[in-house]
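Here you get one chain, nothing else, as structure tokens; it is the form predicted alone.
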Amino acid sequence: MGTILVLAEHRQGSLRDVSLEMLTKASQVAGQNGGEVVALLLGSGVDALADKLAGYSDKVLYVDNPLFADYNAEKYQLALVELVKQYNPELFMIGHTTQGVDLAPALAVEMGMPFVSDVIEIELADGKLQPVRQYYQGKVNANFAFKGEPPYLVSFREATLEVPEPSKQGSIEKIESPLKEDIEYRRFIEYVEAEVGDVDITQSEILVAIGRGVREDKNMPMIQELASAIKADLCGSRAATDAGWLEHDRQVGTSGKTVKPKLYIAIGISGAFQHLAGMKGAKTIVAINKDPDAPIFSVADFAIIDDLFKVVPKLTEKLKELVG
């Protein structure tokens, strides 16, 4: 197997989690067939980021140039066309993020690369790469076979797997920027960060999440009591935020936020694909729902199949005892 090249995504001086998730998956695939995992980093003043990437890859190639101080899809595309030609990987991985959705399709078209988007898994069958996508709200997985010759391109869904502690000591090589001059027809103006409410649920270690099963606002004190007992933050599905039980900045899912807490307690959430995509990266998931066929149970570590209005008060009482 050849090289798996992974584009490291970063923002305001920090690596995005999806970068390490892709390198983790690339290492799993390469380990089955003797490939090499190479992280590719474009930026300015990114030595520290390169050092971190070395813990998850066999080699880090990085461009340190003021032209890449801020993300610009046009600049990235101009540079990546040359770099992919130069290093000729078997597989090129880009995060399926706002940045990746902007960049990957245009790059695939320009270079004529076979491309599969929103990949959740990459498997090997008879020595050949098979990316996996989901359909019908996560009910069906589809395996794809690439047509034509490599390099192949995938965009990899974020929060798909847990990132282990760094275990590699990859080499680090600073390379020349393929882009020598700035471009004027597409420029970075400013970075505008979405407003964060009183709690940033993406940083929470414990989350209590609610869905349509809570029924109405008057039942929220019961939920809040449980959250308070374990010092958890509240979040919810789109149904919960649309109903006004929670602010919209606490919505989890594809149209909300992606969270990866140590503990996620889902109460009255059926588990539509859009919600699962935003929380299945949690380390431990506890689901409470009276429907035994609720999709949320497919990702839950612990399932409580019963009426939440019976379970939650008893669970709160027990947790208060344990907490002391």
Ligand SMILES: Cc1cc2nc3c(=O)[nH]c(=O)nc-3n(C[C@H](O)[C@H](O)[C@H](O)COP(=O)(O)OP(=O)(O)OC[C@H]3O[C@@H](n4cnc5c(N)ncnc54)[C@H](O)[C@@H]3O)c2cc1C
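Throughout, we count residues from 1 along the sequence that is shown. All of these numbers come straight from a predicted model, not from anything done at the bench. Superpose the two forms; the largest set of C-alphas matching within 1.5 Å is the rigid core.
We do not show the form predicted together with the ligand, though everything after this point is about it.
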*asked:* Please tell me whether the candidate spot formed by Asp51, Ile201 and Gln203 is one where all three residues come within 4.5 Å of the ligand in the predicted bound form (heavy atoms).
replied: no
_Ala239, Val119, Leu83, Ala232 - the one with a heavy atom within 4.5 Å of the ligand in the predicted bound form_ = Ala239
*Taking the ligand in the predicted bound form as the reference, which of Arg212, Lys128, Arg187, His248 has a non-hydrogen atom within 4.5 Å?*
Arg212
_in the predicted bound form, does Val63 come within 4.5 Å of the ligand, counting heavy atoms only?_
no
_Using a 4.5 angstroms cut-off on non-hydrogen atoms, would Ser44 count as touching the ligand in the predicted bound form?_
no
_If we define contact as a non-hydrogen atom of the residue within 4.5 angstroms of the partner, is Phe309 a contact of the ligand in the predicted bound form?_
yes
*So in the predicted bound form, does Pro261 come within 4.5 Å of the ligand, heavy atom to heavy atom?*
no
*Choose one stretch from 178-186, 213-221, 160-168, 120-128: the one whose residues place a heavy atom within 4.5 angstroms of the ligand in the predicted bound form.*
213-221
_Could you pull out the residues of 263-287 that have any heavy atom within 4.5 Å of the ligand in the predicted bound form?_
Gly268, Ile269, Ser270, Gly271, Ala272, Gln274, His275
*Compare the position of the CA of Lys310 between the shown form and the other one after a rigid core fit and state whether the shift reaches 2 Å.*
yes
*Quick one: once the rigid core is lined up, does Gly213 have its C-alpha move by 2 Å or more between the shown form and the other one?*
yes
*Once everything's superposed on the core, is Ser155 shifted 2 Å or more at the Cα between the shown form and the other one?*
no
*Kindly indicate if, in the predicted bound form, the C-alpha atoms of Ala294 and Asp118 are closer or farther apart than in the structure shown, bearing in mind the change is 3 Å or more.*
closer
*in the predicted bound form, do the Cα atoms of Glu165 and Ala287 sit closer or farther apart than here, given a shift of 3 Å or more?*
farther
